[in-house]
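First, one chain by itself in structure tokens, the form predicted on its own.
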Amino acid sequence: MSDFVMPSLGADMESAVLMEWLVKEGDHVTKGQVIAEVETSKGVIDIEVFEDGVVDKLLVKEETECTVGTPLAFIRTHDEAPPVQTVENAQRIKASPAARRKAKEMGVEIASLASTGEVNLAQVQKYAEKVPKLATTDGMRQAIAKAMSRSNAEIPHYYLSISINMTPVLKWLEDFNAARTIKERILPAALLIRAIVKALKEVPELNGFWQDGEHHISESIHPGIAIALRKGGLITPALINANEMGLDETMHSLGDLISRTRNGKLRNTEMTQQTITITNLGDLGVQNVFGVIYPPQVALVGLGRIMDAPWAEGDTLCVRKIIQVTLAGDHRATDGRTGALFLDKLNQILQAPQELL
């Protein structure tokens, strides 16, 4: 018998609302199966089970707010009798769906209104009027603010930047896409992610975590991809096992990840297993991105706009397509030399694009 608990979906998360069970007691489940949906400040997330078994008991009712670590269900893996356990961390807060949506929109904590009875829409609006500051606070911005405050307080950042000539790789990509249908074509964003992943294989020290005062390098590469939401805000879900993907699969998986992120259909593994972050602001005209590392990760790669710029080749000055790539590193885990080796390797890979397949 094992506990299926409310997972931590980010360093800033303290609690979430169990919105819906997708299984019932007695159902057989398999590893990786989505069995519940929870709502956090970042949206609705699909929660997966990590083992095969049978749902022995559902401990928490739908629309219940629970702190991280709260047992949500018992998963039975053999025929032992279930132990008697209690749920101490669950805050059984009753609220109408309309009240929850409005509270999230206005930045009101449902828990602060749940002393008696069921929370309704009128209560949320009345509370927000009494505390005007809350009415303009966005839950997602609060969550990001907490994580970034922790990052600035705890992580000694160092920054490096490199200019990379993208003309050869973009010409190669144009020729590569010429024989493909529109749906099969590769976008430069996928090509850059693939190149970064290959560079991380060569310089793995940047792919991992700083935890309990130690540097832990991850064998798997799950880059968190910064994705803008249609209604505002930014989420960085993980491209799981990107190190096992070729260029085509990277493109397909990236498109799928963006679509599910904007439709609120992410899985908990995609919100918890990022080993490095990649943020691309080039579409907004930004040339250099000096990002803040998301703890406990130890690095962030920033991609700027691909733009025409003067470029010296031997004794000739010409115009080439140039991108500025920046690296934010955690000085506790690595140093500038490691970061420089990574950027140099990335440059080499992008000058030999046929190796990206």
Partner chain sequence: MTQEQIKKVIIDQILEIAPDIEEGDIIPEGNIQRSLEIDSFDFLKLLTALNDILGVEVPERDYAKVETVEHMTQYFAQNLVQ
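This one's a predicted model, so the numbers in the text were calculated from it and none came from an experiment. Numbering follows the first chain given and starts at 1.
Just so you know, the form predicted together with the partner chain exists too; it's not on screen, but the next bit is about it.
- Here is the short version: of G255, G264, G246, P168, the single residue with a heavy atom within 4.5 Å of the partner chain in the predicted bound form is G255.
- Residue in contact with the partner chain in the predicted bound form (any heavy atom within 4.5 Å), chosen from S259, T77, S220, Q211: S259.
- Taken together, the three residues I186, R230 and M251 all lie with some non-hydrogen atom within 4.5 angstroms of the partner chain in the predicted bound form.
- From the list 153-161, 266-274, 69-77, 187-195, the contact stretch for the partner chain in the predicted bound form under a 4.5 Å heavy atom rule is 187-195.
- Using a 4.5 Å cutoff between non-hydrogen atoms, E202 does not count as a contact of the partner chain in the predicted bound form.
- A residue is said to contact a partner when one of its heavy atoms sits within 4.5 Å of a partner heavy atom; N177 meets this definition for the partner chain in the predicted bound form.
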